[in-house]
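Shown below, as structure tokens, is a lone chain in the form predicted alone; questions about how it binds or moves come after it.
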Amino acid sequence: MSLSIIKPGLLDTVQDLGRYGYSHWGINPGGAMDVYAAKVANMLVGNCPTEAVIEMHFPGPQILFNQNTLIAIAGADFSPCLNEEPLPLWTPIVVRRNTVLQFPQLKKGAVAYLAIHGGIAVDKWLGSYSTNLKAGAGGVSGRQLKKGDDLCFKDNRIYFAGMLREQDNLMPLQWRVNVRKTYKHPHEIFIIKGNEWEYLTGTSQYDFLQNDFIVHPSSDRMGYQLRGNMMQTSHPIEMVSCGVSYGTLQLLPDGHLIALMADHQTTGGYPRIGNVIAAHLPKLAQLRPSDNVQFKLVDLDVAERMFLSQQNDLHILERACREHLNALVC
């Protein structure tokens, strides 16, 4: 064993980038809520972005490291500490065996990710490590992590203990990621028009773009329920179920909205008034209950440019992290 769960958090699961190609079976992609943060955490420790990570919500878990390793924590800030010594986010950190990671205080964000150098040794289900709670498959027996769970790491040949001074339990490495661009203006979310946008009345379209919405406490990995001005359509709509995706904004019969999240259903029969652009899904994922959010309408060209820019930055980051780690080891 390489890592043990001493105390579970609110909802700790093993996730990766998702399980694609099975929607026709009713199996949604799932995966990490904040794919950007999960990718970056893996890159920081020299992993492929598709490796399994631990997704955590607050209150977070207490985790015992049974061997020396390299970790990175990305996403929400839950004030991570190793043996009560604060840890930086978005930074690769060498940690000593027999130390305990915990998250005592919520500062900002909703989901955090722990990546381990080499990756976590769990079995794939339909090509993905991600935990599908509804199907009870993937991750660790298809469930959230619980007290006493032991997770093994994949093999690596780096002698991390040699990087630590005798008196130290941890050593942050000398590079980190600047994520201000990705999470700038965290409550402003860009969308493109959905297939049924024109069905909204003019007043509802105006209200949607001019007023804030509040994330309802009953929100979860399936969808964020949004409360604000009631939306209305110009005439009653009867729809057959249509394909939906992460970030689809659906209009419910009661006039409220729901933003579909990572564990969304594969199809839905409610009007799709908008879709959150891919580059802003990380900001959407980090919203918490009672947070406010304002939507801004952009065209497809803007959405594509922002996505391509974000992906280009990730490619540069991945190469840089591997070069830094290779230089350190050599």
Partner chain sequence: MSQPYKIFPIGDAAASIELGSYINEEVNAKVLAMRAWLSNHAIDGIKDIIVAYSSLTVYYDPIIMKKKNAISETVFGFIHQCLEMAFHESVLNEETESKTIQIPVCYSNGFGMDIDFVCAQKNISKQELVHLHSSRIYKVYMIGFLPGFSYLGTIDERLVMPRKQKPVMVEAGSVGIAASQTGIYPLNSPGGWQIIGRTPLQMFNPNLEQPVVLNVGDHVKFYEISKEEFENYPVLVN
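Residue numbers count along the first chain shown, from 1. Fair warning: this is a prediction, and the values are worked out from it, not measured in the lab.
Another form, the form predicted in complex with the partner chain, is not on view; read the next lines as being about it.
- Of the candidate stretches 95-103, 209-217, 131-139, 172-180, only 131-139 has residues whose heavy atoms lie within 4.5 Å of the partner chain in the predicted complex.
- Taken together, Ser2, Trp90 and Asp313 are entirely out of contact with the partner chain in the predicted complex: none brings a heavy atom within 4.5 Å.
- Contact annotation: of the candidates Val293, Leu64, Ala278, Met261, the single residue with a non-hydrogen atom within 4.5 angstroms of the partner chain in the predicted complex is Ala278.
- Proximity to the partner chain in the predicted complex, defined as a heavy atom within 4.5 Å, holds among Glu84, Asp155, Asp254, Glu238 only for Glu238.
- Taking non-hydrogen atoms only, Val244 approaches the partner chain to within 4.5 angstroms in the predicted complex.
- The partner chain is not drawn, but in the predicted complex it has no heavy atom within 4.5 Å of Asn68.
- Residue contact check for Trp125: one or more of its heavy atoms lie within 4.5 Å of the partner chain in the predicted complex.
- At the 4.5 Å threshold, heavy atoms of Leu308 reach the partner chain in the predicted complex.
- Heavy atoms closer than or equal to 4.5 Å to the partner chain in the predicted complex belong, across 170-196, to the residues Ile192, Asn195, ordered by sequence position.
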